[in-house]
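This document opens with one chain alone, in structure tokens, the form predicted on its own.
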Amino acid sequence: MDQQQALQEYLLRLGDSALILGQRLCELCGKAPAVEEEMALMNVALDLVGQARNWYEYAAELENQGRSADDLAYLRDAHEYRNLLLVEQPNGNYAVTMARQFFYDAWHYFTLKALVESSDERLAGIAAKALKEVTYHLRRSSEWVKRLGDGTEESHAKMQEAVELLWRFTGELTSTDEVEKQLATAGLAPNEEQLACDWQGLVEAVLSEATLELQPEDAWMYKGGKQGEHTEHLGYILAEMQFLPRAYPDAKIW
């Protein structure tokens, strides 16, 4: 795989993770615990979908096979998606929703912060714009983890359960493969060790402040999402998300 192909693959990973998590959050429309939370969730979802489009547009240009950002989003099968396994996990109760969001936001923030310094100007520009939005995402999700973790006995128990449930999907956030190592060496992607250190440090600090038990760093982890190996949940997400574009491929918005 040459550098351009590796970059295209990396762009799909960024875009797919943002899109799938955005779709998961959209499932909560009309189901949030409060009106303010519904507005916040939908705003975060819109941010993520917008970011995904930017990554897809760049990936489509590099691919140069006539596919658009919409084609990449809606006309690929599950095994062609490169999203993190974490983002395709069900919403569950609100503790699960916010624990998933926090783990992802912490990774997303440090990833974008590193990409702003990328040697690829297009990559750095997209990251800089997204970083402003993700800074808010991280502040919001970390505050919810603290609020629920250090809240009532019930909220604490649910947040602890959520952390333990989702921890097994966090290994992909800080582990890299040859694609990411190649790009990191070229100054295009984050340094593996620095990203892992930053993510782990922030997560430990927030969980401690939330009076939640830290999870073992050497715990067994699910992996494979970045290589197209997914849990059963992704197929259901795509079936709902892709129905209209696949059923009516020539449909246009009037």
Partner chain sequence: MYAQLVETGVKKIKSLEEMTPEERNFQEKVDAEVKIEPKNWMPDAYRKTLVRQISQHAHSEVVGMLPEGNWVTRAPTLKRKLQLMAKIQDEAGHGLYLYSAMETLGADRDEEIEKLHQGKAKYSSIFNYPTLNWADMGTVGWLVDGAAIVNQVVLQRTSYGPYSRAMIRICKEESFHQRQGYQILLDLMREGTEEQKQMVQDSINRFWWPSLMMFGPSDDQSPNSQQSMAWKIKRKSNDELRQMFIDQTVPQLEFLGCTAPDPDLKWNEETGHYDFGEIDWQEFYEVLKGNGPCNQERIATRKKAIDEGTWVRQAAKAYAEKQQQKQQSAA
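Positions refer to the first chain, counted from 1. Keep in mind it's a predicted model, so treat the numbers as computed, not measured.
There is another form of the same protein, the form predicted in complex with the partner chain; it is not shown, and what comes next is about it.
Interface segment, criterion being heavy atoms within 4.5 Å of the partner chain in the predicted bound form, picked from 58-66, 215-223, 195-203, 42-50: Checking each option against the 4.5 Å cut-off leaves 42-50.
Proximity to the partner chain in the predicted bound form, single hit among 166, 73, 78, 114 (heavy atom within 4.5 Å): None of the others qualify; the residue that does is 73.
Position in contact with the partner chain when the complex is considered in the predicted bound form, options 106, 130, 148, 173, heavy atoms within 4.5 Å: If I apply the 4.5 Å criterion carefully, the residue I get is 148.
Proximity of residue 38 to the partner chain in the predicted bound form, heavy atoms at 4.5 Å: Residue-level check for residue 38: yes, a contact with the partner chain.
4.5 Å heavy atom contact, residue 33 and the partner chain in the predicted bound form: Looking in the predicted bound form, residue contacts with the partner chain include residue 33, since a heavy atom lies within 4.5 Å.
Any non-hydrogen atom of residue 250 within 4.5 angstroms of the partner chain in the predicted bound form: Although the partner chain is absent here, residue 250 would touch it in the predicted bound form, with heavy atoms inside 4.5 Å.
Residue 135 within 4.5 Å of the partner chain in the predicted bound form, heavy atoms: Residue-level check for residue 135: no, no contact with the partner chain.
Contacts with the partner chain in the predicted bound form, stretch 211-247 (heavy atom within 4.5 Å): Going through 211-247 in order - heavy atoms within 4.5 Å of the partner chain in the predicted bound form - the hits are 240, 241, 243, 244, 245.
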